[in-house]
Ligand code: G4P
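The chain below stands alone and is given as structure tokens, in the form predicted on its own.
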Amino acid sequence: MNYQWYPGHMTKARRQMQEDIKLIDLIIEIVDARVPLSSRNPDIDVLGQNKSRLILMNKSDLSDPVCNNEWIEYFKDKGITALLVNCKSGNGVKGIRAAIMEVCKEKIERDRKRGIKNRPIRAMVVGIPNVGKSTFINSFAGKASAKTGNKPGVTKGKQWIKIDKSIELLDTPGILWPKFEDNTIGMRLAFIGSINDEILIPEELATDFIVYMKDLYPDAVKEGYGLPQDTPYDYHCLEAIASARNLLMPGAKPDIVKAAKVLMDDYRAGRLGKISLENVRGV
């Protein structure tokens, strides 16, 4: 399957971001810890030149702990501060304020020398759809300041959120880029739910996921559903999942579409284990 998704509103959102970038001191980029590179929009690097950067690896409770630590070091080697967070539970959120102050210390010092006191750090929160930007803002602000949802594209317009007198956040809609140069990137984003499921074929998505797991975590799917070890890593695995979960159509025929949706829901919720879809060795 060809994985591409770039609805029209994203073009408008990108243009708005280009305007708003002039107003901010810092870019806080939310990425999915399971795909820290694939979930980085390359347009952000272009738009955010000369701006301080902070990466939050969200949903780190769902990704492989070994890979998490390797990615933190990877970004450190690139001169970028990255933190592991789970914005839904609040894990790691308390350390974000100190990281913001550290990343922006040169800006704070410049203000001090100019006699500017108490000017808040203005940060733009960016990320692709469904990585948890609004959940981060609500967790960091301690109140429901931004709309949240489990579907990509919930945040539609510009929202400023005052955290306190020292930090203000600008929430932005989740945007992808017009074309994935590598279809594997699009596939990974589809796996984590950053591409609208409604434009995808469930059984093809799930089959691609099963094949992808063969080399990364070969036991995850089979152990997750109690399947025989000789179950092939292909479409037939979906049939086995349907049978194991009693997802049957009239005539006891396996319901492949239901099995596909169950598989992807289970992966996204972490019920198949802590699984990272890319690691630094593949960079």
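This is a predicted model, so every value here is computed, not measured. When you see a residue number, it is the position in the sequence shown, counting from 1.
Beyond the structure shown, there is the form predicted in complex with the ligand, which is absent from this document and is the topic of what follows.
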I'd like to check something about residue 61: if you look in the predicted complex, is any of its heavy atoms closer than or equal to 4.5 Å to a heavy atom of the ligand? yes
Is there a heavy atom of residue 135 no more than 4.5 Å from a heavy atom of the ligand in the predicted complex? yes
Distance check, residue 86 to the ligand in the predicted complex, heavy atom within 4.5 Å: yes
Residue-level question: is residue 169 within 4.5 Å of the ligand in the predicted complex, judged on heavy atoms? no
With the ligand left out of view, choose which of 124, 206, 82, 128 has a non-hydrogen atom within 4.5 angstroms of it in the predicted complex. 128
Using a 4.5 Å heavy atom cut-off, which stretch among 210 to 218, 236 to 244, 53 to 61, 223 to 231 contacts the ligand in the predicted complex? 53 to 61
Within 4.5 Å of the ligand in the predicted complex: residues from 16 to 39 (heavy atom criterion): none
Cα-Cα shift for residue 172 and residue 128, closer or farther in the predicted complex, minimum 3 Å: farther
Closer or farther: how do the Cα atoms of residue 191 and residue 176 compare in the predicted complex relative to this form, given a change of at least 3 Å? farther
